[in-house]
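Next up: a single chain in structure tokens, the form predicted on its own.
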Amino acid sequence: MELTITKNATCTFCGCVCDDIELHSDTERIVETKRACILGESWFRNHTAERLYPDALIDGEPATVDEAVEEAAEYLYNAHMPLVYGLSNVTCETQREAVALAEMIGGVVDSHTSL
């Protein structure tokens, strides 16, 4: 089986944002990483290209993305001090948008590192 090689991949797992990682993958899995630390290697190797779930679920049932966005908006609208959490594995741009959303809905932002 021929492997696909992706050079200069970026790992966002721990926050160091290493961007010189080389990934070797088959059609479903990353089978080798080069220049990734032990955390990055584990993170990349445990992610697959498989589609295990539909694009969206509402109450465990398949839904369209538009339906899921509407449902999420309703939850946020009705929430009292919603928590925006778990932003350690996303880009700076995504974090910026999450903070803007938290401000818009009167929510709070917390990090996975807080105790």
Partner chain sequence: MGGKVTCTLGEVKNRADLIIYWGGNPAECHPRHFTKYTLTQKGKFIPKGRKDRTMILVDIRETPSAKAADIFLQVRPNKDFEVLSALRALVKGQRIDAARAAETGLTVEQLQDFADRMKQARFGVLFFGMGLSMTRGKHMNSAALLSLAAELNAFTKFVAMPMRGHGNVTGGDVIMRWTTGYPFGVNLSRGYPRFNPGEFSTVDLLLRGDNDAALILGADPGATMPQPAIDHLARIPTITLDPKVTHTSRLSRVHITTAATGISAPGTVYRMDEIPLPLRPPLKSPYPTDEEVVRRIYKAVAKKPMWLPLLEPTAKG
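Just so we're on the same page, rigid core means the largest C-alpha set that superposes within 1.5 Å between forms. Only a predicted model underlies this, so the values are computations on that prediction, with no experimental measurement involved. Numbering follows the first chain given and starts at 1.
Keep in mind that the form predicted together with the partner chain is not shown, yet the notes after this line are about it.
The partner chain is not shown here, and in the model of the complex it never comes within 4.5 Å of any heavy atom of residue 3. Contacts of stretch 1 to 35 with the partner chain in the model of the complex, defined by any heavy atom lying within 4.5 Å, are made by 6, 7, 8, 9, 10, 12, 13, 14, 15, 16, 17, 18, 19, 20, 21, 23, 25, 26, 27, 28, 29, 30, 35, listed in sequence order. With the core held fixed, the Cα of residue 42 is displaced between the shown form and the other one by 2 Å or more. After superposition on the rigid core, the Cα atom of residue 103 is displaced by less than 2 Å between the shown form and the other one. The Cα shift for residue 16 between the shown form and the other one, taken after rigid core superposition, is 2 angstroms or larger.
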